[in-house]
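Below you'll find only one chain, the form predicted alone, shown as structure tokens.
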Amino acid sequence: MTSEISHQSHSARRIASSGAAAAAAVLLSGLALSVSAQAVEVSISCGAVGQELKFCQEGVDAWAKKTGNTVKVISTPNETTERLALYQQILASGTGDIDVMQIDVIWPGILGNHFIDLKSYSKGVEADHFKPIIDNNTVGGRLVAMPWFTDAGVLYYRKDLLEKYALKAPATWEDLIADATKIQEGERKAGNDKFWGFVFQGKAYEGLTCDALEWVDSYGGGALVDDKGNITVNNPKAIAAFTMVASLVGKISPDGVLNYAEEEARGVFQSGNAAFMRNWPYAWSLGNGADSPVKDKIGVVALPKGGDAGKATGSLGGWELAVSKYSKHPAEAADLVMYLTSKEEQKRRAIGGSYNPTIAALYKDQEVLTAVPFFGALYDTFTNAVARPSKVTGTNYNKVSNAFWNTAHDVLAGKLKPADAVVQLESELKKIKRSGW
């Protein structure tokens, strides 16, 4: 009896064990299916100017680890003009090849119809970001992009050289030209025949539109097209701005500046071969890198005024993140966007890469200000930057910008006189406007 009971008990345990194992197998199988169903791959396009690609990769890796999803990072052209053309081609095809797109601050009005409304995913966090940028990213009542980092053009200078030549940071463009001339002559006499006074973005592309807009606006010449859509570029103050820049190339700026984008200008300045540079804030952390010849020798101030009656200004730049409406995984893509644009991630990028946050509170964060001191000093420059007329000109903005940068390039190259330049540009803009903004 005892043996039979024992045998029955053993059989029961074996059945129970077998049942438990089967149940566990089913449970594990279910979990595996659940995980498999939840884990997806999303793709994101990232720029590669300076440290952009590095910081993007770090951010998406952290999100992937947190969520269990995977992210494919797609490199795109650095030049904004080429990147926009690529985006337009991809979006026009209706394919979901790129789930999350890094877009320029001027593109929401151009590409917005191809993006989802992020309000369903933001949970109101957009209220923490600069309102003008959120307004810029809102098209037809839809939040088509979240701000990732903002920008405004600033002036970099060599602190050691200003001290050497008993100079202060220039307040006007005229001051800059005089100071750059003095330093350039002195450094060349000291043996550096590669030294130049001032480098900037002079290539015929969107970057030159930003530089040229700063020149014109600093003299009080407006932003080409006003908020009502009126073409305003043909005015004496815009002519004064072009007259100033016509004196740069071949004198305090190299002939090669006509082919400089951001990185070419940074390369000259960071190698120690320029006194002043116009660039974006990203160049700060690179210029102060361990391997930089000008580490701890750099100062940053607002760009000069256009004469004593002018104003310090900087073109509004910056990049946003948008989700393609053709994405197969819009919820996951939107979650990635919200993670990358969060306060914590923006703080990491500000401290490590000097990328301007779009969240006002971070401009009072001591860790951020210690890493990038001029974020505090130039707060007004970043929050009151002059915007390119992309919103009012809509899908015609590309044509407007193209006409402007080509005109500015011709002035720099000595092919157009300043007074003729504004007349020609006005005529071109009127032709573009015929079809309406």
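The first residue of the sequence shown is number 1, and the count goes up from there. Being a predicted model, the structure only gives us computed values, none of them experimental.
What comes next is about the form predicted in complex with a small molecule, which is not displayed.
Residue in contact with the small molecule in the predicted bound form (any heavy atom within 4.5 Å), chosen from 332, 214, 179, 262: 262.
For the candidate set 219, 280, 87, 173, a heavy atom within 4.5 Å of the small molecule in the predicted bound form is found for exactly one residue, namely 280. The small molecule is not shown here, but in the predicted bound form it comes within 4.5 Å of a heavy atom of residue 80. Residue contact check for residue 323: none of its heavy atoms lie within 4.5 Å of the small molecule in the predicted bound form. Of the heavy atoms in residue 363, none are within 4.5 Å of the small molecule in the predicted bound form.
Residue contact check for residue 210: one or more of its heavy atoms lie within 4.5 Å of the small molecule in the predicted bound form. No residue of the trio 231, 404 and 428 has any heavy atom within 4.5 Å of the small molecule in the predicted bound form. Heavy atoms within 4.5 Å of the small molecule in the predicted bound form are found in one stretch of 334-342, 284-292, 102-110, 269-277, which is 102-110.
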